[in-house]
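One chain comes next, on its own, written out as structure tokens in the form predicted alone.
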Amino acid sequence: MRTVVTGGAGFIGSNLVDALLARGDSVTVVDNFASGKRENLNPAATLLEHDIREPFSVEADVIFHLAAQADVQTSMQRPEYDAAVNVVGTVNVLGAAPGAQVIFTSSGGAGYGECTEPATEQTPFLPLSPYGIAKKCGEEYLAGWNRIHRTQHVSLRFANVYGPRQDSGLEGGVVAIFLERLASGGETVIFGDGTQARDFVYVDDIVDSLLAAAGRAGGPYNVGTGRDTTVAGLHAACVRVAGVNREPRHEPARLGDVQRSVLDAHLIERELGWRPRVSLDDGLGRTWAWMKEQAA
């Protein structure tokens, strides 16, 4: 297929680009390197250096839309910038290649708000940050385009993604942050008491969900493990995989952070045949091995 990956120099996007090229697709990466890295680019892909806040055009059968302002705290401080990238940018992607299917990467973690139990796709979207609000807007645009233009765009609601190439400079990359600090001997920090629970899903599983959605209709679909891990528990798991003995420092909880976020992913398993395959311990081990390889 002719595929386009917006944000293809980023964490998830670059892993997806590698998988698309490996199966023989042609790939165009659209990225302005606001957070993506040139070293993540696969040289077999075509680069269109562009800011999605401005209209553009491409030739494609499928556009995987991963370009985003993905930092919750940035969205709290600069909601107008977050909306420009995540809402206006999504509208521009929808107009970039008439006839192409758009696979939109939404956020279950930021979208559902507090989850007393694993959220299904019928759980009300009650975001506690502008980032989550913008992702909901993106979903509504895709659904509206499907009604108006009879398209088959699909929204995927991701849990907390981690794995190789994740940027420790973004607050959402808590696994990357913990492992990098442990590798460098730096101090690790937990905001709040550490009982906040998250659903951590490995990037290879996320890539598989994106591939499963291409050419299919339906959704939106949750993409997660259905299992909750506290931030304190995650820190302990990172300490084990790193082979160090270090206690974290605690700071006050941050505005916009939910206490519990876990996704029920049975719908995507039933309709698209996707399910997570990489356990947290295995995924942390793979991520740690990649970090050590990069440092060598």
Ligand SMILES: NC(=O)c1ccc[n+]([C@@H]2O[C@H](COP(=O)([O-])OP(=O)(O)OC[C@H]3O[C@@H](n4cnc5c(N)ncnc54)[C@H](O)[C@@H]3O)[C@@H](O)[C@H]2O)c1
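All residue numbers refer to positions in the sequence shown, first residue = 1. Every value quoted in this text rests on a predicted model; they were computed, and no experiment measured them.
The same protein also has a form predicted in complex with the ligand, omitted here; what follows describes it.
Problem set entry | is_contact(E269, the ligand) in the model of the complex, heavy atom dist at most 4.5 Å | No, E269 sits far enough from the ligand in the model of the complex that none of its heavy atoms falls within 4.5 Å.
For this session: Using the partner position in the model of the complex, report whether L255 sits within 4.5 Å of the ligand, counting heavy atoms only.
Result: No, L255 is distant from the partner.
Exercise. Hey, in the model of the complex, does T28 get a heavy atom within 4.5 angstroms of the ligand?
Worked result: Residue-level check for T28: no, no contact with the ligand.
Problem set entry | Heavy atom of A34 within 4.5 Å of the ligand in the model of the complex | Result yes; A34 sits at the interface with the ligand in the model of the complex.
Exercise. If we take heavy atoms and a 4.5 Å cut-off, which stretch out of 190-198, 142-150, 117-125, 158-166 is in contact with the ligand in the model of the complex?
Worked result: In the other structure, the partner sits against 158-166.
Problem set entry | Answer option from T225, T105, S129, S209, heavy atom within 4.5 Å of the ligand in the model of the complex | Checking each option against the ligand in the model of the complex, the one that comes within 4.5 Å is T105.
Problem set entry | Contacting member of A265, L66, C238, I63, with respect to the ligand in the model of the complex [4.5 Å, heavy atom] | Of A265, L66, C238, I63, the residue with a heavy atom within 4.5 Å of the ligand in the model of the complex is L66.
Problem set entry | Heavy atom within 4.5 Å of the ligand in the model of the complex - qualifying residues of 270-296 | Sequence-ordered list is empty.
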